[in-house]
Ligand code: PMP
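Let's start with one chain on its own, the form predicted alone, as C-alpha coordinates.
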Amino acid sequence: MNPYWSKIAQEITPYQPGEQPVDMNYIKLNTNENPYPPSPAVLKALAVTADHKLRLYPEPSAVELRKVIAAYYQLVPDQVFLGNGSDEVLAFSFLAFFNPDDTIVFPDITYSFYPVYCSLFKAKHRLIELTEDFSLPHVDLLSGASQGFIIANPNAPTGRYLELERVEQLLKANQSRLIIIDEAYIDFGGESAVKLINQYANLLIIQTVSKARSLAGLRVGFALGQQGLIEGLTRIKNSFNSYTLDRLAIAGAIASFQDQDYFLTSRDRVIQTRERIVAALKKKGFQVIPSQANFIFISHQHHKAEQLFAQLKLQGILVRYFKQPRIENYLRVSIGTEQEMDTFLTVISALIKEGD
(Lines give C-alpha, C1' and ligand atoms only; values in the text may rest on other atoms or scores of the structure.)
Protein backbone atom coordinates (compact mmCIF):
# COMPACT_ATOMS: atom_id res chain seq x y z
CA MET A 1 0.00 0.00 0.00
CA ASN A 2 1.44 3.35 -1.06
CA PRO A 3 2.43 5.58 1.90
CA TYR A 4 1.08 8.67 0.08
CA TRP A 5 -2.47 7.30 -0.17
CA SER A 6 -5.15 9.02 1.86
CA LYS A 7 -7.10 7.08 4.44
CA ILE A 8 -10.04 6.95 2.03
CA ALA A 9 -7.91 5.48 -0.76
CA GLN A 10 -6.54 2.89 1.64
CA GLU A 11 -9.90 1.78 3.00
CA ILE A 12 -12.25 1.90 0.04
CA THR A 13 -13.13 -1.10 -2.13
CA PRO A 14 -13.61 0.34 -5.63
CA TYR A 15 -16.38 -0.60 -8.05
CA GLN A 16 -15.33 -3.29 -10.51
CA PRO A 17 -16.52 -2.54 -14.06
CA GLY A 18 -17.24 -5.29 -16.55
CA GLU A 19 -14.29 -6.62 -18.53
CA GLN A 20 -13.33 -4.49 -21.53
CA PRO A 21 -10.99 -6.65 -23.64
CA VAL A 22 -8.27 -4.91 -25.64
CA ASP A 23 -8.80 -7.29 -28.53
CA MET A 24 -12.33 -7.53 -29.93
CA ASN A 25 -12.28 -11.26 -30.63
CA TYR A 26 -15.13 -11.76 -28.19
CA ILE A 27 -18.88 -11.57 -28.49
CA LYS A 28 -19.28 -8.96 -25.80
CA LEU A 29 -22.43 -9.54 -23.74
CA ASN A 30 -21.09 -8.37 -20.37
CA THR A 31 -21.51 -4.59 -20.02
CA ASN A 32 -25.04 -3.86 -21.31
CA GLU A 33 -23.88 -1.81 -24.25
CA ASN A 34 -26.26 -1.38 -27.16
CA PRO A 35 -25.23 -3.77 -29.97
CA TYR A 36 -26.32 -1.30 -32.65
CA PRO A 37 -24.42 1.82 -33.72
CA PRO A 38 -25.51 5.35 -32.84
CA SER A 39 -27.84 7.24 -35.13
CA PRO A 40 -26.16 8.47 -38.36
CA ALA A 41 -27.31 11.91 -37.26
CA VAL A 42 -25.09 11.57 -34.19
CA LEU A 43 -22.04 10.68 -36.27
CA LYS A 44 -22.72 13.61 -38.57
CA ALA A 45 -23.05 15.98 -35.61
CA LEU A 46 -19.74 14.76 -34.18
CA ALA A 47 -17.98 15.30 -37.52
CA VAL A 48 -19.37 18.81 -37.82
CA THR A 49 -18.46 19.68 -34.22
CA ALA A 50 -14.88 18.39 -34.49
CA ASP A 51 -13.52 21.69 -35.80
CA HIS A 52 -11.35 24.60 -34.65
CA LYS A 53 -13.78 25.39 -31.82
CA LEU A 54 -12.42 22.45 -29.85
CA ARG A 55 -9.80 24.91 -28.62
CA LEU A 56 -12.61 26.63 -26.67
CA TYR A 57 -14.29 25.48 -23.49
CA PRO A 58 -17.83 24.16 -23.94
CA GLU A 59 -20.79 26.08 -22.59
CA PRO A 60 -20.63 25.05 -18.89
CA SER A 61 -24.35 24.40 -18.39
CA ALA A 62 -24.87 22.84 -21.86
CA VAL A 63 -28.07 24.84 -22.13
CA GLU A 64 -28.98 23.63 -25.63
CA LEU A 65 -28.85 19.99 -24.59
CA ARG A 66 -30.85 20.76 -21.47
CA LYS A 67 -33.50 22.43 -23.62
CA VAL A 68 -33.70 19.40 -25.91
CA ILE A 69 -34.00 16.92 -23.01
CA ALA A 70 -36.53 19.13 -21.23
CA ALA A 71 -38.71 19.33 -24.35
CA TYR A 72 -38.46 15.56 -24.82
CA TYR A 73 -39.76 14.89 -21.29
CA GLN A 74 -42.19 17.85 -21.23
CA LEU A 75 -40.22 19.65 -18.55
CA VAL A 76 -38.35 22.96 -18.43
CA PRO A 77 -34.54 23.31 -18.70
CA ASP A 78 -34.23 24.20 -15.01
CA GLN A 79 -35.48 20.67 -14.25
CA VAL A 80 -32.55 19.05 -16.10
CA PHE A 81 -29.02 18.47 -14.82
CA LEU A 82 -26.17 17.05 -16.92
CA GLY A 83 -23.09 15.08 -15.95
CA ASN A 84 -20.29 12.93 -17.32
CA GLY A 85 -22.27 9.72 -17.35
CA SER A 86 -25.02 8.75 -14.92
CA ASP A 87 -22.45 7.49 -12.40
CA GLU A 88 -21.09 11.01 -12.00
CA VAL A 89 -24.62 12.36 -11.61
CA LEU A 90 -25.19 9.76 -8.92
CA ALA A 91 -21.97 10.78 -7.16
CA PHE A 92 -23.00 14.44 -7.23
CA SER A 93 -26.36 13.38 -5.76
CA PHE A 94 -24.64 11.84 -2.74
CA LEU A 95 -22.77 15.09 -2.14
CA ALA A 96 -25.77 17.33 -2.80
CA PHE A 97 -28.39 15.55 -0.71
CA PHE A 98 -26.76 13.34 1.92
CA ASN A 99 -24.51 14.20 4.85
CA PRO A 100 -21.78 11.97 6.32
CA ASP A 101 -23.43 9.38 8.57
CA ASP A 102 -26.82 9.75 6.86
CA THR A 103 -28.49 6.41 6.18
CA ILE A 104 -29.40 5.56 2.59
CA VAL A 105 -31.61 2.58 1.77
CA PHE A 106 -31.42 0.35 -1.30
CA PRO A 107 -32.05 -3.33 -2.15
CA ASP A 108 -29.56 -6.03 -1.24
CA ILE A 109 -29.30 -7.09 -4.90
CA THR A 110 -28.80 -4.01 -7.05
CA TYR A 111 -26.20 -1.83 -8.80
CA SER A 112 -22.95 -2.39 -6.92
CA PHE A 113 -21.84 1.25 -7.21
CA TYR A 114 -24.34 2.32 -4.51
CA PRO A 115 -22.42 0.86 -1.54
CA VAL A 116 -19.15 2.11 -3.05
CA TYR A 117 -20.45 5.68 -3.02
CA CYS A 118 -21.72 5.23 0.53
CA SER A 119 -18.20 4.25 1.54
CA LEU A 120 -16.56 7.06 -0.42
CA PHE A 121 -18.82 9.77 0.99
CA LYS A 122 -19.01 8.29 4.50
CA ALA A 123 -22.73 7.61 4.40
CA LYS A 124 -24.34 4.64 6.08
CA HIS A 125 -26.60 2.27 4.19
CA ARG A 126 -29.36 -0.16 5.03
CA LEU A 127 -30.26 -3.03 2.73
CA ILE A 128 -33.78 -4.11 1.93
CA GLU A 129 -33.86 -7.82 1.15
CA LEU A 130 -35.53 -8.60 -2.15
CA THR A 131 -37.96 -11.49 -2.25
CA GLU A 132 -36.94 -14.93 -3.48
CA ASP A 133 -37.77 -13.97 -7.07
CA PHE A 134 -35.87 -10.66 -6.70
CA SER A 135 -38.99 -8.51 -6.46
CA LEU A 136 -39.18 -5.53 -4.11
CA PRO A 137 -41.17 -6.54 -1.01
CA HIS A 138 -44.52 -4.92 -0.33
CA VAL A 139 -43.47 -3.03 2.78
CA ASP A 140 -42.74 0.53 3.80
CA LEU A 141 -39.17 0.39 2.56
CA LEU A 142 -38.09 3.57 4.27
CA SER A 143 -39.51 3.00 7.73
CA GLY A 144 -37.08 3.86 10.46
CA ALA A 145 -34.20 6.29 10.43
CA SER A 146 -33.09 7.06 6.89
CA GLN A 147 -32.55 10.08 4.71
CA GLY A 148 -33.22 8.61 1.27
CA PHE A 149 -33.76 5.66 -0.95
CA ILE A 150 -32.16 4.60 -4.25
CA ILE A 151 -33.83 2.17 -6.60
CA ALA A 152 -32.58 1.08 -10.00
CA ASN A 153 -35.65 0.64 -12.18
CA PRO A 154 -35.39 -1.70 -14.01
CA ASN A 155 -33.08 -3.17 -11.43
CA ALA A 156 -29.52 -4.24 -12.17
CA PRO A 157 -28.43 -6.97 -12.43
CA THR A 158 -31.84 -8.67 -12.32
CA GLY A 159 -33.75 -6.64 -14.92
CA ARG A 160 -36.91 -6.57 -12.79
CA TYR A 161 -39.16 -3.54 -13.17
CA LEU A 162 -41.12 -1.76 -10.43
CA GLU A 163 -44.47 -0.49 -11.71
CA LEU A 164 -45.10 3.24 -11.69
CA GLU A 165 -47.97 2.81 -9.22
CA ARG A 166 -45.59 1.35 -6.63
CA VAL A 167 -43.01 4.09 -7.27
CA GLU A 168 -45.70 6.66 -6.50
CA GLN A 169 -46.64 4.80 -3.32
CA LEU A 170 -43.04 5.17 -2.17
CA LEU A 171 -43.06 8.87 -2.97
CA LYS A 172 -46.33 9.49 -1.14
CA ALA A 173 -45.28 7.55 1.96
CA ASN A 174 -41.87 9.21 2.26
CA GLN A 175 -42.25 12.85 1.29
CA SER A 176 -39.64 13.97 3.82
CA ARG A 177 -37.05 11.66 2.23
CA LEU A 178 -35.38 11.85 -1.18
CA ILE A 179 -36.27 9.04 -3.59
CA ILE A 180 -33.69 8.55 -6.35
CA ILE A 181 -34.90 6.42 -9.27
CA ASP A 182 -31.98 5.22 -11.39
CA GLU A 183 -33.59 4.69 -14.80
CA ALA A 184 -30.55 3.71 -16.87
CA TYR A 185 -32.55 0.93 -18.58
CA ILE A 186 -36.06 2.40 -18.54
CA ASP A 187 -36.38 2.70 -22.33
CA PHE A 188 -36.33 -1.07 -22.85
CA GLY A 189 -39.86 -1.68 -21.65
CA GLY A 190 -40.63 0.23 -18.46
CA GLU A 191 -42.55 3.45 -17.87
CA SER A 192 -40.48 6.36 -16.61
CA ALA A 193 -41.47 8.13 -13.41
CA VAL A 194 -40.78 11.46 -15.11
CA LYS A 195 -44.51 12.24 -15.22
CA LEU A 196 -44.47 12.40 -11.42
CA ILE A 197 -41.77 15.07 -11.12
CA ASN A 198 -44.05 18.08 -10.89
CA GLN A 199 -46.13 16.35 -8.18
CA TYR A 200 -43.31 15.24 -5.90
CA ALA A 201 -40.49 17.47 -4.70
CA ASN A 202 -38.70 14.41 -3.27
CA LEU A 203 -38.25 12.65 -6.64
CA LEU A 204 -34.96 12.66 -8.56
CA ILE A 205 -34.65 10.59 -11.73
CA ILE A 206 -31.25 9.70 -13.19
CA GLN A 207 -30.92 8.56 -16.80
CA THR A 208 -28.24 8.08 -19.44
CA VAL A 209 -27.73 8.04 -23.21
CA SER A 210 -25.32 5.11 -22.86
CA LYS A 211 -27.82 2.28 -23.24
CA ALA A 212 -30.86 2.79 -25.45
CA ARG A 213 -29.20 5.56 -27.46
CA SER A 214 -25.94 3.66 -28.14
CA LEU A 215 -23.69 6.38 -26.73
CA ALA A 216 -21.77 4.71 -23.90
CA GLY A 217 -18.57 6.10 -25.40
CA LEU A 218 -19.69 9.74 -25.11
CA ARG A 219 -20.41 9.66 -21.34
CA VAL A 220 -23.59 11.72 -20.97
CA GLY A 221 -25.89 11.25 -18.01
CA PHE A 222 -28.64 13.48 -16.68
CA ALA A 223 -30.96 14.01 -13.75
CA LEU A 224 -34.57 15.17 -13.85
CA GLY A 225 -36.32 16.73 -10.88
CA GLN A 226 -37.84 19.87 -9.46
CA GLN A 227 -35.75 23.00 -9.69
CA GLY A 228 -34.56 22.91 -6.06
CA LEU A 229 -32.97 19.49 -6.53
CA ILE A 230 -31.33 20.52 -9.79
CA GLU A 231 -29.93 23.64 -8.15
CA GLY A 232 -28.37 21.48 -5.43
CA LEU A 233 -26.67 19.28 -8.02
CA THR A 234 -25.43 22.34 -9.92
CA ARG A 235 -23.86 23.78 -6.77
CA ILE A 236 -21.88 20.57 -6.31
CA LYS A 237 -20.86 20.35 -9.98
CA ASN A 238 -19.59 23.91 -10.04
CA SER A 239 -17.57 23.21 -6.90
CA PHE A 240 -15.98 20.19 -8.54
CA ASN A 241 -15.77 20.62 -12.34
CA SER A 242 -17.67 23.27 -14.24
CA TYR A 243 -17.09 21.57 -17.61
CA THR A 244 -18.34 18.03 -17.14
CA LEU A 245 -19.44 17.62 -20.78
CA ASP A 246 -17.24 18.36 -23.78
CA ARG A 247 -18.41 19.84 -27.09
CA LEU A 248 -18.59 16.48 -28.85
CA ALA A 249 -20.64 14.85 -26.11
CA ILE A 250 -23.11 17.72 -26.11
CA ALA A 251 -23.51 17.68 -29.91
CA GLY A 252 -23.88 13.91 -30.07
CA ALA A 253 -26.46 13.77 -27.30
CA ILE A 254 -28.54 16.52 -28.89
CA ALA A 255 -28.58 14.66 -32.20
CA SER A 256 -29.59 11.40 -30.51
CA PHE A 257 -32.69 13.00 -28.99
CA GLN A 258 -33.60 14.63 -32.27
CA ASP A 259 -33.57 11.34 -34.21
CA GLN A 260 -36.54 9.68 -32.55
CA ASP A 261 -37.23 7.24 -35.37
CA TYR A 262 -33.76 5.72 -35.16
CA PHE A 263 -33.95 5.50 -31.39
CA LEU A 264 -37.25 3.61 -31.49
CA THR A 265 -36.10 1.25 -34.23
CA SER A 266 -32.87 0.35 -32.43
CA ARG A 267 -34.57 -0.05 -29.07
CA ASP A 268 -37.34 -2.23 -30.49
CA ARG A 269 -34.79 -4.54 -32.11
CA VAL A 270 -33.19 -5.13 -28.72
CA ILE A 271 -36.56 -5.80 -27.07
CA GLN A 272 -37.62 -8.25 -29.78
CA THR A 273 -34.32 -10.14 -29.54
CA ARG A 274 -34.58 -10.24 -25.75
CA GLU A 275 -38.03 -11.82 -25.85
CA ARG A 276 -36.98 -14.39 -28.44
CA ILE A 277 -33.91 -15.45 -26.45
CA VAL A 278 -35.84 -15.60 -23.18
CA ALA A 279 -38.34 -18.01 -24.72
CA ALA A 280 -35.55 -20.17 -26.18
CA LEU A 281 -33.63 -20.35 -22.89
CA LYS A 282 -36.71 -21.32 -20.93
CA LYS A 283 -37.25 -24.25 -23.30
CA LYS A 284 -33.72 -25.40 -22.47
CA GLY A 285 -34.37 -25.46 -18.74
CA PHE A 286 -33.06 -22.03 -17.74
CA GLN A 287 -34.73 -19.89 -15.16
CA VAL A 288 -34.96 -16.36 -16.56
CA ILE A 289 -35.91 -13.46 -14.30
CA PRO A 290 -38.52 -11.21 -16.03
CA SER A 291 -36.58 -8.34 -17.60
CA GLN A 292 -37.49 -4.89 -18.88
CA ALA A 293 -33.83 -4.05 -19.53
CA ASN A 294 -31.35 -4.77 -22.35
CA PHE A 295 -30.04 -7.79 -20.44
CA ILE A 296 -31.35 -10.96 -18.87
CA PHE A 297 -30.51 -12.71 -15.60
CA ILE A 298 -30.39 -16.48 -16.00
CA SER A 299 -29.75 -19.59 -13.94
CA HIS A 300 -29.79 -23.34 -14.57
CA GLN A 301 -30.62 -25.86 -11.89
CA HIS A 302 -28.09 -28.44 -13.07
CA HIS A 303 -25.19 -26.23 -14.19
CA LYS A 304 -23.19 -23.83 -12.05
CA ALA A 305 -23.09 -20.27 -13.32
CA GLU A 306 -19.40 -19.81 -12.54
CA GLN A 307 -18.50 -22.79 -14.71
CA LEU A 308 -20.75 -21.65 -17.54
CA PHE A 309 -19.18 -18.19 -17.32
CA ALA A 310 -15.67 -19.64 -17.71
CA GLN A 311 -16.71 -22.02 -20.48
CA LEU A 312 -18.46 -19.28 -22.43
CA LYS A 313 -15.33 -17.13 -22.22
CA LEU A 314 -13.22 -19.96 -23.59
CA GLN A 315 -15.68 -20.08 -26.50
CA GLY A 316 -15.24 -16.34 -27.11
CA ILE A 317 -18.37 -15.05 -25.35
CA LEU A 318 -18.20 -12.63 -22.43
CA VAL A 319 -21.08 -12.43 -19.96
CA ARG A 320 -21.15 -11.07 -16.38
CA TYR A 321 -20.82 -13.22 -13.28
CA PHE A 322 -21.28 -11.86 -9.76
CA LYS A 323 -19.77 -14.07 -7.09
CA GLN A 324 -21.88 -12.91 -4.19
CA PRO A 325 -24.58 -14.40 -1.95
CA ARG A 326 -28.02 -15.09 -3.44
CA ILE A 327 -26.91 -14.58 -7.05
CA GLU A 328 -23.80 -16.77 -7.25
CA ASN A 329 -25.63 -19.15 -9.58
CA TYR A 330 -26.83 -16.50 -12.03
CA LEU A 331 -25.34 -14.97 -15.17
CA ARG A 332 -26.22 -11.55 -16.52
CA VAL A 333 -26.32 -11.60 -20.30
CA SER A 334 -26.51 -8.39 -22.31
CA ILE A 335 -28.66 -8.53 -25.43
CA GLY A 336 -26.50 -8.43 -28.55
CA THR A 337 -27.39 -8.52 -32.23
CA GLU A 338 -29.55 -11.31 -33.61
CA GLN A 339 -26.44 -13.08 -34.88
CA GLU A 340 -24.55 -12.68 -31.61
CA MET A 341 -27.46 -14.03 -29.60
CA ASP A 342 -27.90 -16.96 -31.95
CA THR A 343 -24.24 -17.83 -31.39
CA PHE A 344 -24.66 -17.46 -27.63
CA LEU A 345 -27.71 -19.73 -27.70
CA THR A 346 -25.89 -22.36 -29.74
CA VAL A 347 -22.83 -22.35 -27.47
CA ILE A 348 -24.65 -22.40 -24.15
CA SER A 349 -26.98 -25.12 -25.41
CA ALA A 350 -23.99 -27.27 -26.28
CA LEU A 351 -22.43 -26.58 -22.87
CA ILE A 352 -25.44 -27.71 -20.88
CA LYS A 353 -25.85 -30.74 -23.14
CA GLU A 354 -22.24 -31.75 -22.51
CA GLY A 355 -22.78 -31.54 -18.76
CA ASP A 356 -25.91 -33.69 -18.71
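One-based numbering along the sequence shown. Worth saying up front: this structure is predicted, and the values here are computed from it rather than measured.
This protein has a second form, the form predicted together with the ligand, left out of what is shown; the following refers to that one.
In the model of the complex, the ligand stays beyond 4.5 Å of every heavy atom belonging to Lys124. Contact check for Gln79: every heavy atom lies farther than 4.5 Å from the ligand in the model of the complex. For the chain shown alone, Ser86 is a contact residue for the ligand in the model of the complex, at least one non-hydrogen atom being within 4.5 angstroms. Interface residue remark: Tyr111 is counted as part of the site for the ligand in the model of the complex, having a heavy atom within 4.5 Å. Picking from 148 to 156, 276 to 284, 253 to 261, 69 to 77 the stretch near the ligand in the model of the complex, with a 4.5 Å limit on heavy atoms, gives 148 to 156. Among the residues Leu178, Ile230, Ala184, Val167, the one placing a heavy atom within 4.5 Å of the ligand in the model of the complex is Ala184.
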